[in-house]
Ligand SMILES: NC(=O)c1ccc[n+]([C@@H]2O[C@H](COP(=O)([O-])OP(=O)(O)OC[C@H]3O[C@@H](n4cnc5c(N)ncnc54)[C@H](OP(=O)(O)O)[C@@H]3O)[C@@H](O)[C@H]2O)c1
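There is one chain below, alone, in structure tokens, taken in the form predicted alone.
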Amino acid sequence: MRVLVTGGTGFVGSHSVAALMRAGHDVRLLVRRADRIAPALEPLGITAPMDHIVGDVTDPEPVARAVAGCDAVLHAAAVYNLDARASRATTETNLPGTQIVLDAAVAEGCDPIVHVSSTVALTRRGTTVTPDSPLSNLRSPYIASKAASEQYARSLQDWGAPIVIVQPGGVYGPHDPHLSDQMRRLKDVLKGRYPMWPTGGYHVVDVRDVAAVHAAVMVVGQGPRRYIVPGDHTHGRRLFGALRAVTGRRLPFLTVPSVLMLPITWSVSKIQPFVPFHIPADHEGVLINHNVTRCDDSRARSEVGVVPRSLEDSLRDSVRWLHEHGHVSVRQAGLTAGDLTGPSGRSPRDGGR
């Protein structure tokens, strides 16, 4: 099957390209910059030249050219950044891009058309959600953009379009080409920049499990479907406990009621656009934790057959990759850096800092 992938040089997209190619599919990419293809895909074992079209998902003309001749589409392109400075790009990209790509895929007769949504689109206070639960009514930029994008995808499903909605949680894992939001936050946790963590919790997944779901649902003739990617409900004690286990570090932190952190981080979000560096106090991150939305991912486990990696395994690989690529020091990576250090215990990447 010839599959168009948007966002194929990103974290989820690049792993999905690799999974699709392993499954025997022929992949075409829609990319904004061709020079990003090799750095994103070569670490995943893809070294051959890739068929690609240069263009943006918000521009109908290159999208139409990219979709032409394809049997299926995986729409993974989106702005995923909880930094308040990204709010405008989030609003201007996520919903318009989804509308343009899905419309073009439907017009081309593609089957299936996989839309990468997010569990944040299902965010509801203190609720366990399924893939079919009502969409969130929260109005913060990223959550609202993903809910609106999924609402559009659902409206096409209602008309019978063969759209598959896949809903991953916060994504960890190795080989992140551009250090996406969740992995940047993990790096900052290891660097001690998150001494406080809000109460609550959220759904997290491994990028390789997301890619496995995308490859598994790439089957013609199955009609509209929705899947939450299998993962782990995680809160501060769970996350820091797992990181302590895989790094051997103390990693002290203070749990703070999210209701107290919300007004503080909201104020920070108003200041952040005028500050040239990232302030580690993202309002939407606290808001997601505050809602404590749990996810029932049993449909993907039973119908697609994807069993998630443990949080510890995912974090171990994530931290090791962060160290290997110079994002954290050997001290910050702890035990995960053991196989990357020499006889002296000094890291070739950072001099054993």
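One rule holds for the numbers: they count along the sequence shown, beginning at 1. Since the structure is predicted, the reported quantities are computational estimates derived from the model, not experimental observations.
Although not depicted, the form predicted together with the ligand is the subject of the following passage.
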{"property": "Listed residue that, although the ligand is not shown, lies within 4.5 Å of it in the model of the complex (heavy atoms), from G173, P112, G170, P230", "result": "G170"}
{"property": "Listed residue that, although the ligand is not shown, lies within 4.5 Å of it in the model of the complex (heavy atoms), from R244, K191, H178, R88", "result": "H178"}
{"property": "Contact test in the model of the complex: A333 vs the ligand, heavy atoms, 4.5 Å", "result": "no"}
{"property": "Partner proximity in the model of the complex: S136 to the ligand, non-hydrogen atom cutoff 4.5 Å", "result": "no"}
{"property": "4.5 angstroms heavy atom contact with the ligand in the model of the complex for R65", "result": "no"}
{"property": "Interface membership of L315, the ligand in the model of the complex, 4.5 Å heavy atom rule", "result": "no"}
{"property": "Segment assignment from 116-124, 260-268, 236-244, 151-159: heavy atom within 4.5 Å of the ligand in the model of the complex", "result": "116-124"}
{"property": "Within 7-44, the residues that have a heavy atom no more than 4.5 Å from the ligand in the model of the complex", "result": "G7, G8, T9, G10, F11, V12, G13, R32, R36"}
